[in-house]
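Consider the single chain below, provided in structure tokens and representing the form predicted on its own.
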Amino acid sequence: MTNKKGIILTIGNELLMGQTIDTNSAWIARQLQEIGIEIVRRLSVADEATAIFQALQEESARADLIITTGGLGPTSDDITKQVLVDFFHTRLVLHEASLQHVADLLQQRDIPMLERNRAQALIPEGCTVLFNRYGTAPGLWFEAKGRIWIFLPGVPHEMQYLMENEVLPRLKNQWPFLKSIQHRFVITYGQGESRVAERLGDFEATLPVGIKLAYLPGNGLLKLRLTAIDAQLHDSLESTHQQLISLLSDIVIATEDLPYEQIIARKLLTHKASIGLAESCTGGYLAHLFTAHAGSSAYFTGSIVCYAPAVKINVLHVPADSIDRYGIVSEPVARAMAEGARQLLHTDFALAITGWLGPDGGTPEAPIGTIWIAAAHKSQILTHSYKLRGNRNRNLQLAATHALHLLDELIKSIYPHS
């Protein structure tokens, strides 16, 4: 059986205006790819009946599966259900189980039932209702002419619950012979997309039929993705992946699709080592990256956000004369910050960063975009400076990547055979 094609449609003016970032589409796309559904389009439309109707009409001709999020709530701009009435030539009917669920949720929160809450239980006749444990808007499943239309609430945790517990199991049952889409990854650091592509010219020219290579640069790293859409290519994909790793061995930092901080975390956990941070220009961003992942307390101890010089001096015991002599953004200050954090937080490793991310600041010796990073262990300290040329947000993300890489290098140095 050939793979099914899917389209993801998000509904909401806030998405088009940039007031809300569309994370739903990316998450849904990953889930569908894993079960063998190829995503051919992702698009957003406004909270307007004509726009929604037209999008459903046009996209239905392009795919076997159309999944939409948004527009199912209780407010006046949530008009998706009325559009579905027109699109599927049906009517709204009261769904008693949904009404009881809404009543139970409101009672638990000590909120009175309003007419607009009751309207959440009005469902287009003829669809399958998908139970939403965490919200008042149920998901809706339509089938016609060999196609499936699925309508989900836009609230991310509600959408994810419905996908995992209702949508994906039903799709697997509906299309049991989908071919698995397999991916293998290589994450590199230190060389740009063009340079790596030049190195891989012969490799790409001899890729097995059915295996594709994609270049995905971002935040100072380059992710290479190999994709095969047929389980029969498993052995070829594995050997191709190993060949790619070998060709780029000098710049490979990981062979799984993981954020860099999780790659570091695995190494720290393996060696039962701890990490602490001293952050100046990044203002706690590195701490956020580490603690965004469950289980970080097993290796992450804490972070000192030492934005002002006085905090560096009074908390981390950075010598004041080092700041006066070398500047706040300098190697001696970064070294002292890292060692101060390691001792203060009683950690095996410490990572410190100081710099000018812009658009203000800078000195003749350390102009805007200059950062100094230090990674410390009781037996060794590594330091490195970088000249960044992006805007403030871009420089923040690049600074974090460079800092993680310096820490990675130190961990390799301390544990060379791991």
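Counting begins at 1, following the sequence as shown. Everything numeric here is computed off the predicted structure, so don't read it as measured data.
We do not show the form predicted in complex with another copy of the chain, though everything after this point is about it.
Trainee: Using heavy atoms and a 4.5 Å cut-off, decide whether 18, 116 and 315 all contact another copy of the chain in the model of the complex.
Mentor: Yes: 18, 116 and 315 each sit within 4.5 Å of another copy of the chain in the model of the complex.
Trainee: Answer yes if any heavy atom of residue 325 is within 4.5 Å of a heavy atom of another copy of the chain in the model of the complex; otherwise answer no.
Mentor: So residue 325 does not count as contacting another copy of the chain.
Trainee: Consider residue 101 of the chain shown here, and say whether it contacts another copy of the chain in the model of the complex, taking contact as heavy atoms within 4.5 Å.
Mentor: Flag for residue 101 set to no.
Trainee: Could you confirm whether residue 142 comes within 4.5 Å of another copy of the chain in the model of the complex, counting heavy atoms only?
Mentor: Because no heavy atom of residue 142 falls inside 4.5 Å of another copy of the chain in the model of the complex, the answer is no.
Trainee: Can any non-hydrogen atom of residue 294 be found within 4.5 angstroms of another copy of the chain in the model of the complex?
Mentor: Residue-level check for residue 294: yes, a contact with another copy of the chain.
Trainee: Out of 87, 203, 175, 215, which one falls within 4.5 Å of another copy of the chain in the model of the complex, going by heavy atoms?
Mentor: After the contact test, the surviving option is 215.
Trainee: Please identify the residue among 234, 91, 272, 346 with any heavy atom within 4.5 Å of another copy of the chain in the model of the complex.
Mentor: Going through each option in turn, the one that passes is 346.
Trainee: Which single stretch, out of 277 to 285, 123 to 131, 237 to 245, 92 to 100, brings residue heavy atoms within 4.5 Å of another copy of the chain in the model of the complex?
Mentor: After filtering at 4.5 Å, what remains is 277 to 285.
Trainee: Can you tell me which residues in 290 to 310 come within 4.5 angstroms of another copy of the chain in the model of the complex, by heavy atoms?
Mentor: Going through 290 to 310 in order - heavy atoms within 4.5 Å of another copy of the chain in the model of the complex - the hits are 291, 292, 293, 294, 295, 296, 297, 300, 301, 302, 303, 304, 305, 306, 307, 308.
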